[in-house]
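Just the one chain here, laid out as structure tokens, in the form predicted alone.
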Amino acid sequence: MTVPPLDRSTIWPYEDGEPGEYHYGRYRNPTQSAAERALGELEGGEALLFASGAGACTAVVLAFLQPGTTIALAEGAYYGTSVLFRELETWGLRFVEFDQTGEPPDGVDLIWLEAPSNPFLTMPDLAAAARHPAPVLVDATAATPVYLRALEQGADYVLHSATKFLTGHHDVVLGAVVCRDPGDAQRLGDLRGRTGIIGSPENAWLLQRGLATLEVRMRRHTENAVAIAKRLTGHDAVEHVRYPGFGGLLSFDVAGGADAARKVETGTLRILNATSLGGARSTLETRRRWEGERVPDNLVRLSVGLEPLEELWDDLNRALSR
């Protein structure tokens, strides 16, 4: 995959006195379009880029829902999604949480799944969601199109925090939505241009760099994470491990409660004690500080990176054995 040159232009000349395909950067630019085509090909739909994952979520709600409509949100999904939905309750949005491993509730207008959920790592029943009359969105940030092409399984929209695995180097903030229906993509693109929730050309260019290595990176994330999840499962200092069997994201509960978990997250040297996930460098953190009582106070989320496995395990095992 060849990454096209970066075009930072904000304006382009009219063609015979009329705006051409590109005329003003708030609507689209060549670098962005190239990245969207590349991601759309991977997912099997039409992709649009946004300023962040949260911006992509906001755009979906504003483009496709009305005041008084209800979202069925996967229970245990990324906490920031429910925080956003609560912020939008003043505009008439409603949401209910449900167990995404089963049937979605009746009487909802959009089903919002996460595959896998963050940080509980449950996988949705996509077949059950597809049978529901409401449109289905799948946040596939942690799966990526390497492990899940949700549009092929009945989803209408796929969402990514492209900040994470798609770009893969902790140097981009970017969101993406991929639509199955070209008409939905047009509507979403129109709203993006009017609201200005658009990703920068630089970040679109970096996304193309990330997509060029996505498959090989995800395979390495998975190899490392499978091995670490297995070793954590048998560790005396670990009570419970959550891992879906693919990808680089897992979580575990440290024996001894919150104080013990705090010692683990501050006790690593190679693994960075930081938020976010999906980068080449491994990160870990306790999640209670952000998510409150919805998560155990000893839950540690680990994003397994691309470092040599034994170096990662030695670092983590040392922190667990403190």
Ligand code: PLP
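Start at 1 and count along the sequence shown; that's the residue number. These figures come from a predicted structure and were not determined experimentally.
Quick note: we don't show the form predicted together with this ligand, though the next part is all about it.
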Next item on the list: Just one of 183 to 191, 216 to 224, 159 to 167, 101 to 109 has residues with a heavy atom within 4.5 Å of this ligand in the predicted complex, so point it out.
Entry: 159 to 167
Check: Quick one: is residue 47 in contact with this ligand in the predicted complex, heavy atoms, 4.5 Å cut-off?
Finding: no
Note to self: Please tell me whether any heavy atom belonging to residue 122 falls inside 4.5 Å of a heavy atom of this ligand, as the geometry stands in the predicted complex.
What the structure shows: no
Note to self: I'd like to know if residue 52 sits close to this ligand in the predicted complex, meaning any non-hydrogen atom pair within 4.5 angstroms.
What the structure shows: yes
Note to self: in the predicted complex, is there a heavy atom of this ligand that lies within 4.5 Å of any heavy atom of residue 137, even though the partner is absent here?
What the structure shows: no
Checklist line | All of 114, 118 and 141 within 4.5 Å of this ligand in the predicted complex, heavy atom check | finding: yes
Notebook entry, point to check: What is the one choice in 174, 179, 129, 74 with a heavy atom within 4.5 Å of this ligand in the predicted complex?
Noted result: 174
Item checked: Option touching this ligand, based on a heavy atom within 4.5 Å in the predicted complex, out of 95, 205, 78, 246 -> 78
Notebook entry, point to check: Of 269 to 305, which residues get within 4.5 Å of this ligand in the predicted complex if you count heavy atoms?
Noted result: 277
